[in-house]
Structures are given as C-alpha cells and as structure tokens.
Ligand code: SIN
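One chain comes next, on its own, written as structure tokens: the form predicted alone.
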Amino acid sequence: MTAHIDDKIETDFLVVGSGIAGLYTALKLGRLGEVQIITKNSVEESSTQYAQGGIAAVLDKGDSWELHMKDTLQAGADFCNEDAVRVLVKEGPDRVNELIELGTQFDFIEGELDLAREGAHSRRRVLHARGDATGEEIRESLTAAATNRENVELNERTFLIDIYVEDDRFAGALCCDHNKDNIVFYRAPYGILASGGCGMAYKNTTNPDVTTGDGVAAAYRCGAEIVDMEFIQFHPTALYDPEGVSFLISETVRGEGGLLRNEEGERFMEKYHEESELAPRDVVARAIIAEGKKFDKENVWLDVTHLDKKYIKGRFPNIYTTLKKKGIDMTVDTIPVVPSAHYMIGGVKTDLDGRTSIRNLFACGEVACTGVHGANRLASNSLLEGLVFGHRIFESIRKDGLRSSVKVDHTGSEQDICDDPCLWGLKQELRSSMMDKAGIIREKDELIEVIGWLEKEMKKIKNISFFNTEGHEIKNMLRVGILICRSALIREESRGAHFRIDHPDKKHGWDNKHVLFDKENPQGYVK
C-alpha cells in the first residue's frame, strides 16, 4: 500500500507540541509571523495538563534567586549547567508574571500568593492553581491566548513523522494529519520542538499516552545532537496499580506533611536522608524500592491521615476525587505508592537560546536539554523552564530577523505503508523490559541484554513506514530506549537519577562529562 503527500503548507514557524513550552513559544512567535502548531492528540493531552504541584519562582520577599539557584544546583548532583540555572532563576519571575497577566489564576490566600514547598526547595516558592490542578489552569489560559492570536493556528491530531534538513538547516516536517487521514509536508524557515518526554517507554509512568519520545527520535534521525539520556527521573509517589496505570500523587502532598510508611507502618525516610520525605526525588525513589524489597512488595504507603480532613480536600481536590473513585479516601486511608517514570532530563542538546546543532531548529521544554536540571530535576522547575527558554527562543529569532524558508520539496513523495498488527505487542514488551532493566536501578549485564533486544527489534522495522501513529510510536520508543540504555551503560558511576548498582558511587571525574549521540556516532561518545 502506498500513501502520497496530500498537502503542503508554508508557514513562518512550525511548533511541535501543545504543552506549556509549545503554546507559550507559539504565542510569542505570533508577534513575528505566522505560526502553525501541531500536536499529536488533542491540546488537553500533554504533561503540562497533568502537572499538579505547580511552578517554582522567586516571588516572595523572604526568597532570592541565589537560594533558588543553590537548591537547583544541589538537586542536580554537581552536573547542572550553572549559566543555564542562573538564566532560569533570574528570568523566571518575569515569565510567571506574564502568565498571570495572560489570565492564569494562581491560588491566593488573603491577597497573597499561596506558595507551597516541595522536596529539595529551601523556601516556599511553588505557585499552584485550583489546589492541585496547576497544569490544567496554565494550559487553558495559554490555549485561549494562543488561539485568539490571529496568526497562530493549532492543528490537533497531527503527528510528526520526520524533520527535514537541507544544508544543515531546518527545512520542514513531514506529518500525518489524522483529521483528514492524509500526509502533510510543512515547510518553514524555523522549527521549534516542544514535544515533551518519553515516559511511555516505561511500564510505570505518570505521563500521558502521548509521551513516546517522538521529538527526540525525529531530532536524532535528522542529525541533531542528543545528550544526557541516562538521566530519567522517576517520581517517587505515583498511585500503585498492578496493571501499571499510574496516577501522580504530587510531591506537594509530602511538602504539606505527608509521611511515607513501609508495610509495617513505620516511617523510613529518616534513615535515608536528613530531609526525610522532602529529600531529592532520586533518593526517595530508591528508598521506596529498598523498603519494598524488605517485605517483598512493590509499593509503600503515603500517609496524610494525621492532617486536617477539610484542608486535605481543599488543597488536593483532584487527587482526593481521583482516589475516592478508586476506593481510597486519603483522609482516612493510606495511599499505596510506587516510583514511576516521570521526566526526561536529557534530550535534544541546546544552547541558552534553545538552538540545537541544526540551524533554525530550536527545542524547549522537556524534549530539550539545556543542562538546567543536571542529573536530577528540582521539583516544579520544569514548567518554569518551558517559559524561560521559550521566551529566549523568541528573543533570539527576533534579534536575528526572520529568514525565508529553504525551497525544498519533499523528494520522497510516496511512502510504503505497513499496518502489521503483529507489531503492536512490541510496545508492552518494550515498556516492561525498560522498567525491569533500565529503570531506577541499573546494571551492566542487564543493560547489554536490553540493548541487544531493542536493536534487534529496531532492525526489523527500521525501514518500514507507517500511516498508523502507533507504528511510528513504536519505532520512536525503540530509538529512545536505545539512547537511554547506551547512555546508562557508558556512564559507569551513579549520579542523580542514574543509579548503577555495579558502580554505586559518584565519580568526580565525570562531573563535567556528557554522553552524546548523533547520526555519525550512534554508539555514543563522551565529551
């Protein structure tokens, strides 16, 4: 079966993704020219939508950017790009105030912002909305602002197949428009990847179904540099479900006094870190795994039953309602929790203005790696990163002046299509293998084993083109899995979110060493 390119669309800017990074950057770029946003599902389906905790920024008089920077660097395990962190924490407050001006309604108490504290933060600096529905509030305000701008168009159910480059410069993207069941080629002088992470590469994840690493895989195929993929952050407290369907229990629950207990009802975090339940996420995640193993259990228990019932219901209405539907009343019942894949710290390598190694291809948000998170992201810095570096992309393009698009016609105007249903079982096998062998705790022989399996399966389908989105997703998940596992194998130390049981200590010689990939170096190299 063969599919033709049915449509060609020219625009000034192509933005891939409709989370906070994509919508905010598109809104800004709309001042400079025409913007086409593509998003693989509906605009509601993004990690931003499901962000509960909030967005960190220095907006309290008792706080400072220096303290925010110190907290970020400490959480990042001596691996952050300090220049990037300085940009984030100094420019962050202005970007958050812009969100407020756009209509985002954060929670206030007696006329003052109700600021929360999360793990590894030394101050209350996390803004939240509707209690624990911060991401939804931000997404709604940004969607309204972007779609009301005359020259910004949002294209839902449009999947990025591949990025095209001409003379080492972004030229456009081939996409599948599932609204019309056709193939579209978007030609633009500038492309902005804001496609999110890769949580669906793991059996347990807090991420929505759309997070299959499409942006990283497409960037890799077009020749962009990929970096630090070994650092996958697992959120310590997702609702435990034997079927692997996770629901995030915000870190703010622990910030407001939630306690972690093992199978015998004992608190245990005091044994693992001086900050107890508010220790960095990687420490809490490994502690939960260790306590679970003592009792041959996958999960531990999160306890807020000692807190005021009315306060819990008002502060965490979404979590309370969701758990209630599952038969758990968090005001009287402890919550079974397990670590789940949450955030891709590495990604497409960028500079401080969001530029990738491909001219005119930019990246921001979770798909990008600026180095701001180091080896372990500080809670609630992710939404802030999308704003800060989205703004810097806008300023960079504005200062350079708009350029015309490369006059490229997609030469492969036909694609061989395969919808082989035998491939769909691969997805669950891949997710289970990644969880078991490249998850929270890693080891050389298991990494080698899973790399061999991933590469064997990739070889089978590498040259097959799919019209069905799931086929492309499987191919992208295989690629991202290979990048994660090869990076984890190369980094023979433990640091932040990356833990090697056969190399359990942090090695100072690796403080400034990064594992990179590009098309010329598919095995990875250290720089």
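Sequential numbering from 1, following the sequence displayed. Fair warning: this is a prediction, and the values are worked out from it, not measured in the lab.
Beyond what is shown, the protein has a form predicted together with this ligand; the following relates to that form.
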property: One residue of 369, 379, 219, 201 in contact with this ligand, assessed in the predicted complex (non-hydrogen atom, 4.5 angstroms); result: 379
property: Position in contact with this ligand when the complex is considered in the predicted complex, options 392, 235, 125, 128, heavy atoms within 4.5 Å; result: 235
property: Candidate site 52, 251 and 342: all three near this ligand in the predicted complex by heavy atom within 4.5 Å; result: yes
property: Contact test in the predicted complex: residue 385 vs this ligand, heavy atoms, 4.5 Å; result: no
property: is_contact(residue 230, this ligand) in the predicted complex, heavy atom dist at most 4.5 Å; result: no
property: is_contact(residue 214, this ligand) in the predicted complex, heavy atom dist at most 4.5 Å; result: no
property: Residue 118, heavy atom within 4.5 angstroms of this ligand in the predicted complex; result: yes
property: Partner-proximal stretch of 488-496, 471-479, 23-31, 52-60 relative to this ligand in the predicted complex, 4.5 angstroms, heavy atom; result: 52-60
